[in-house]
Structure formats: C-alpha cells, structure tokens
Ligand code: GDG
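In structure tokens, the next block holds one chain alone, the form predicted on its own.
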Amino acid sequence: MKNNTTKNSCRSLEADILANRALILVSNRGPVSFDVAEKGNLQFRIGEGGLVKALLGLCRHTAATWIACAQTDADATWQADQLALWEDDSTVHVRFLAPEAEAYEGYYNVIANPLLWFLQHSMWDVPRTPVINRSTWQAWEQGYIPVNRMFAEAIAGQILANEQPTLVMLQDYHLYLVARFLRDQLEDHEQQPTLLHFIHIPWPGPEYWRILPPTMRQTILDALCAVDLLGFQTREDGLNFIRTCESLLPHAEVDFKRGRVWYRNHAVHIRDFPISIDVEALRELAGSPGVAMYRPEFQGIIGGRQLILRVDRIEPSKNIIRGFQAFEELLELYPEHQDRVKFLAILVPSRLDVDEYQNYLDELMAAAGRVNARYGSSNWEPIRLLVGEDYPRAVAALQVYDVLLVNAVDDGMNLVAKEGPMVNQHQGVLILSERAGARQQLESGAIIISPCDVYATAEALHQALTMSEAERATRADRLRWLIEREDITAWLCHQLEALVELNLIEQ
C-alpha cells in the first residue's frame, strides 16, 4: 500500500473484496465477553484495542462470523446468535466454543502458554527447561490437538452453510493446527476457503524450534503450510519461518526470493504485516477526562524531576529487571542524575497462575527494592512501581515521560513503543530494543539498544536524558510520522492487498 493511501480507499478495498464473500474470524478470545446482569439477562462488553475494532470493521461489509473459545460461564451460555454492535443494522454472528475444562487447560496453560510462548520468545533456559514429559504430551494430545480440531469443525460447518466463497482469518499461536484439520474436513468440498493466518508473536529460527520434539514441530509446520497467506510482524520472522520449514519439514520446497513454501502440492505465501495502533481512538482517549484525572497523581510522583517510564505486562520477555539494573548503572556512572530522575514502572499482571510469571513478579519487585535501598532517601524514591490494569492511567503517564524504555528480550511488535510517541507532550525519547518488532519501522527515530546489554542501556538512558531539545523534537516528529502513516487500518489493508496481488482472492 502506498504511503498516501487513505482510510477511505482501504474501506473501499474491504467492501470490494467482501461484497460477494463470507468472512470467518477465528481467535482464542472473542470480540466480546458476556456476564450476567442483575436481572439475570446476558450483557456484553466489546474487547478493547485496535485489533478488535479493525477486524469488527470488516464484519460490516458482509455476512461475518467470529468463532472463539468461551472465557466466562456467561460466554458458554450464548447461543451463537447475531450481535448488533453498531448504531445501524449491521450485525456479527458470534459463536463461542466450550471445550472441556481439562482440554482447555492443556491447550492454553500448558502448550500455548508457556511452551510455545516461551519458545517463540526465546526464553527457555534450555539446559534446565522445558521438561517435556508425559503431562506435556497429554496436554498436546488431549488439549491442543482436540481444541484446534474443534475450531476446525466449527469453521467447516459455517463454510458449508455459506452460499458464498469464504475468507477465513485465523489469529495467532493458539490455532496453529486449525488449517490442516480444516483442509482435511473440506477435502471434497467444491469451493475451498481462502485461509489467512496472522501470527502476532516472534518466530525464531530452526535452531530454537528443535526444542520441540519432531512430532510436535512437524505437525505445527505441516498445518501452517496449509494456509494460503501466512502473516508475520517482521521480515525476519517470515524468513525464520521459511528457514524452519527448510530445515525441519521433510519434503518442503522453499523459495526465499518469492517468500513461499511449497508443500503437499500447496503453496503458502509468507509476508510481513507489522501491526499498529488505532491512532484516532488513542488520541481521543488521551484528551478525555478519564485520562486528565490522573495528571495530578503523576505530577506528585514526578516532583519536577525528569521521568523515565516503562509500561509493560509482568512478563519475562519484557526484560523489566534488566531495565532496573540499567537505571542502577546510570545512577552509579552519572551521579548527577541522582535525585533528579524518577523511574516509573506501570506493570499489568499477566498469567500469574503460571509459576514462571509469579516468580518473575517476585524477582522484579526485589530488583526495584535493591535500587531504592541503595540510592533512595526520605525525599526521593528512585523507582516507583504501579501494579494493576488501568489503561487511562497508563495513557496519562505516556503523555509526560521524558524517556520511554522498551527493552524487551523478544517481542512480536510492542505497541507501547507506538502509543507513547503518539500521545507524549514532552518530546520524549524512545529507547527501543533491537529485538522488538517495532524496530523495523521505528529505528530511525529511536535509540536502539541490545536488550541484554545493561551498560549500553544505561548509556542510552544518559544520552536520552541529556539530549538537546532540537534533537528530541526531531526524533519525536519522526516517530509520530512513522506511526501515523502505518496505523491499524493500514495493517489490515496490507493483508487484503496481498491476497489480491497474489491472486489468492478476486477483487
């Protein structure tokens, strides 16, 4: 898509492609979640974030179904009916699957998280973990496989009920096996669906995929090669997928130049579609009273000092502890920053029922405590932690940072790196990990660091804190321009354009 393509042209493309085509969206979590109101009736909330909004926007152009796993008891009671989510007559058919609790536990909390998540973020301490034992195999065979098959059966039933050709858009690592199961079930069907699968997390090279037993990894690769268009966050992720197929999938024929893998008489095309944010919605939220109410709180926390900020889920891949260590190194190397800089970490609890995540929370709390004990005083707390999920509060903090630290060990994209520059009012500097997907787009406006290099991160913090106003303004303007031209609408539009350009779908 050319840089000057407007949102109107993207919407026109969406309408053209879906004019005579049904749409099925598939994800682990659905676009809405239900609960029971006081009077006993079901009520729902639409999921937050630009991804849900963008994908739901497609639903307005055609007969659309969204299939997902029930997340609440109320979800499970929903009878797969049409939902009116807009002020006009547009509706979307939402269908929740309800696997047995034990199957979902194995599918989600053993295989998807942490096994695949840790593998794809290169986080396993391989001499010690993972330990793939009988319980892991049971979760694979009685959880991940059957839940993926359940998704495929639901999709196949919907395709057979559709009178039009169908576009199926699969989302993320929970559903790696769906495409092959779906192809097998529709083998004799006259009209095959077009399958697009977007993977939101990194894809490491074949050397890391060897952690998985051959049966698991070959089953995953075999299934993903049943997709028509396979989308990744970055070019490197896509190349790594092709390399993985070349090394670990017998009989696969790869073409790096064309971005294609030929396998079982089928071509899967590999492209990168860096995901982004809903710029308009974020700006609207940033100007709301709900965000403004937090400004006095942050003025009190900052106390006239410069602010280093990070906003992250409590997730080992986010590299929070090394960020605190780099701040400690900064204070030692450049004592002039002592009592003149505040490090604020806004942390959102995540998967604390998984041991690795709970242990990481304990470790990062201890790391922050050590810095505060070493350098703090009665008038200055070097590191302040705010733990809890409150998006308006996070946006308010993003408005006032002087330095935004994003030093992830590995990250599919990291949308905080895009949200911060779009709302910041201090010409703040972005320090960005070279292993975050956002680097591909934002490198020219950020200070890039190696996430494991604490010393270099400390030097980057000093550079950012002492940077001239002119350079800060130039970098901030560049980041805003880069992000604005490639927002969430462009992300979706790129995928639809690729379907047309590759002759996978007729416009």
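These figures come from a predicted structure and were not determined experimentally. A residue's number is simply how far along the shown sequence it sits, counting from 1.
Another form, the form predicted in complex with GDP-alpha-D-glucose (GDG), is not on view; read the next lines as being about it.
Q: Identify whether GDP-alpha-D-glucose (GDG) in the model of the complex is within 4.5 Å of every residue in the set I275, K318 and Y391, based on non-hydrogen atoms.
A: Yes: each residue has a heavy atom within 4.5 Å of the partner.
(Q) Within 4.5 Å, heavy atoms only, one stretch in 105 to 113, 127 to 135, 218 to 226, 410 to 418 touches GDP-alpha-D-glucose (GDG) in the model of the complex. Which? (A) It is 410 to 418 that comes within 4.5 Å of the partner.
(Q) If the cut-off is 4.5 angstroms on heavy atoms, which of these, L182, L230, V311, L170, is the one near GDP-alpha-D-glucose (GDG) in the model of the complex? (A) Contact check passes for V311.
Q | The unique member of A267, A74, V348, L160 whose heavy atoms fall within 4.5 Å of GDP-alpha-D-glucose (GDG) in the model of the complex | A | Only one option qualifies, and that one is V348.
Q. Can W117 be called a contact residue for GDP-alpha-D-glucose (GDG) in the model of the complex at 4.5 Å between heavy atoms?
A. The answer is yes: W117 has a heavy atom within 4.5 Å of GDP-alpha-D-glucose (GDG).
Q. Looking in the model of the complex, any heavy atom of E48 within 4.5 Å of GDP-alpha-D-glucose (GDG)?
A. Yes, E48 sits close enough to GDP-alpha-D-glucose (GDG) in the model of the complex that at least one of its heavy atoms falls within 4.5 Å.
Q | 4.5 angstroms heavy atom contact with GDP-alpha-D-glucose (GDG) in the model of the complex for R283 | A | No, R283 stays farther than 4.5 Å from GDP-alpha-D-glucose (GDG) in the model of the complex.
Q | Interface membership of H200, GDP-alpha-D-glucose (GDG) in the model of the complex, 4.5 Å heavy atom rule | A | H200: yes, in contact with GDP-alpha-D-glucose (GDG) in the model of the complex.
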